[in-house]
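Read the single chain below, which is given as structure tokens and is the form predicted alone.
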Amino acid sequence: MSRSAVAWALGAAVVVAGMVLLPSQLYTGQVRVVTAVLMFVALAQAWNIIGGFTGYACFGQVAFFGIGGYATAVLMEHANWSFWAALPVSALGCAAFATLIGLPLLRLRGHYFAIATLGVAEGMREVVTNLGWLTGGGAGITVPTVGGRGTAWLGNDGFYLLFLTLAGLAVGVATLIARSRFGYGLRAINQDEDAAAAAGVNTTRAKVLALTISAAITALVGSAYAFQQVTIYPQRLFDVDITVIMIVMVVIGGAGTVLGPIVGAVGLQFVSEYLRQHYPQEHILVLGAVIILVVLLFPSGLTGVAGRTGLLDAIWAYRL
């Protein structure tokens, strides 16, 4: 193993150890904020696989989030499964669903694909709402956590560690993809799909696999979120705003990179929390202005500031 690899491994070990010990240094409210940040790190990284690496803007990503959450809730409520058994099964089921819909939808490109995936998300919300006997419909469904049924609620520190694990998993998967031949194939599809196919990339298989992996990670996060919230509703788990937040985080941090979604998720969540606490009436307006400013000044994301389309080029392009 090279020295650089050893240095990276030691650095990662130090970061993980620090993150594990972090809750002991924070107040309860701060632990919840950091837990939310970790959740969106995982979600942004998952969207980045299909939207950043592959270049297919999936506007229906929240469908996988909702499916994962509801699958876990249904298995725990109606089949008396534990959360730890329902978690991987929900992810596998959502991955199969993504593969099924990916085969026809990934024949579309650009805004056609984006609109089609948005339609899938809205359709799944209606399905869940109308299956009242199974999902509770609009009244929601409650995950059993007390009275000897289900799995005991994990508490703030427990959910912090759970979402830390999921965020680490998402970053690890994205890192493996970025350095693999599969990842290079996805980047080739992003740049020019026809040229990638001519060069020997099986574009259909690569795109479907990217969507499947992205969906599985998103479903894992949705499953954990449903257990954390205890009672879930279709409007909450299939809220299109969740997809929008994922996309904004990836764009701000830098699409198609591993570090970008982390930077975007951490930065946006903490800026949003700061504005919410100090400017409760104007925080949405100010946050929107900050997002617009960052996108204009850093069109390739914060991680691409030093690149060809960095700050100086953006200032010249927009005459800022």
Partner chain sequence: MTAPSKTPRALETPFLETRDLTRRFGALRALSGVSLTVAPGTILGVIGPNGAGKSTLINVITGHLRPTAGTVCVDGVDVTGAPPWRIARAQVARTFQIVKPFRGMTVRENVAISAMYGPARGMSKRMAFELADGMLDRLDLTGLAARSPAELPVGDARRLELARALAARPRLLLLDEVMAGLRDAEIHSMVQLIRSLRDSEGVTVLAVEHVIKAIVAISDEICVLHHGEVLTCGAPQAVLSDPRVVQAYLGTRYAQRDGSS
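Residue numbers count along the first chain shown, from 1. This one's a predicted model, so the numbers in the text were calculated from it and none came from an experiment.
Another form exists, predicted together with the partner chain; not displayed. Remarks below refer to it.
- Three-residue candidate spot F182, Q191 and D194; every residue lies within 4.5 angstroms of the partner chain in the predicted bound form by at least one non-hydrogen atom.
- Checking L118, V201, L154, L161 against the partner chain in the predicted bound form, a heavy atom within 4.5 Å turns up for just one residue: V201.
- Partner proximity in the predicted bound form, defined as non-hydrogen atoms within 4.5 angstroms of the partner chain, places exactly one of 94-102, 202-210, 226-234, 75-83 at the interface: 202-210.
- For the chain shown alone, R125 is not a contact residue for the partner chain in the predicted bound form, no non-hydrogen atom being within 4.5 angstroms.
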